[in-house]
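One protein chain, two forms: both are listed below as structure tokens, the first as structure 1 and the second as structure 2.
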Structure 1
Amino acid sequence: MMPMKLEDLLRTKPVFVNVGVRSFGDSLREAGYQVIHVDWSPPAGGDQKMAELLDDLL
């Protein structure tokens, strides 16, 4: 693979990788950008209360 020149890079539309909160990526997609979503959430270490709090965030 040949390295991309800076000028070429700046002319191309970015592709975003969205990790976790899907609505962030949805906003970019609605603006016309390509988005790759990674379904991820932080581990709670087995703590049920912490897992519930993290679920509320997502």
Structure 2
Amino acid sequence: MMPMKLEDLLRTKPVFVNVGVRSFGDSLREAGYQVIHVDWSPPAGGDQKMAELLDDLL
């Protein structure tokens, strides 16, 4: 996917991916923006070494 340049982003209605605290996404949604919430949990059960390995593989 071609990333949208920041100056172009400022002209459009942004579409959000919310990761973490749900209320950040909720308040954007209430304000009329599209938000997809990620059901996040610490990767690899919080195992830092695994997470680093995943970065290389996924």
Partner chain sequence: MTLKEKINAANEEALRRIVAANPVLVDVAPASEVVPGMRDKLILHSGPPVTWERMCGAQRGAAIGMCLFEGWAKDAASAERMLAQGEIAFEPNHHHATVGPMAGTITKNMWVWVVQNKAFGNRAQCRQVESFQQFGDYSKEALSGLQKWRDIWAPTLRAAVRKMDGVMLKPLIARALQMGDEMHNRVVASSSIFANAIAPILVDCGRSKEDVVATLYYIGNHPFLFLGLAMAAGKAAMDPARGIEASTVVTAMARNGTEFGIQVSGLDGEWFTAPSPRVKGLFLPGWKDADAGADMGDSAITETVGWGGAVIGGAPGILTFTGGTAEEALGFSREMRNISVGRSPDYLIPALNFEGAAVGIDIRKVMQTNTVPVIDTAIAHKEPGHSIIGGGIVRPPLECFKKALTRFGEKYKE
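If you're wondering where the values come from, they're calculated on a predicted model, not measured in any experiment. Rigid core: the largest C-alpha set superposing within 1.5 Å between the two forms. Along the sequence of structure 1, residues get numbers from 1 upward.
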**Fill in**
Only one structure is the form predicted alone, namely structure 1
**Core-superposed C-alpha of Val19 shifting 2 Å or more between structures 1 and 2** = no
**Prompt:** Rigid core fitted, then: does Ile36 show a CA shift of 2 angstroms or greater between structures 1 and 2?
**Reply:** no
**Value in Å for the CA shift of Asp8 between structures 1 and 2, taken after the core is superposed** = 6.6
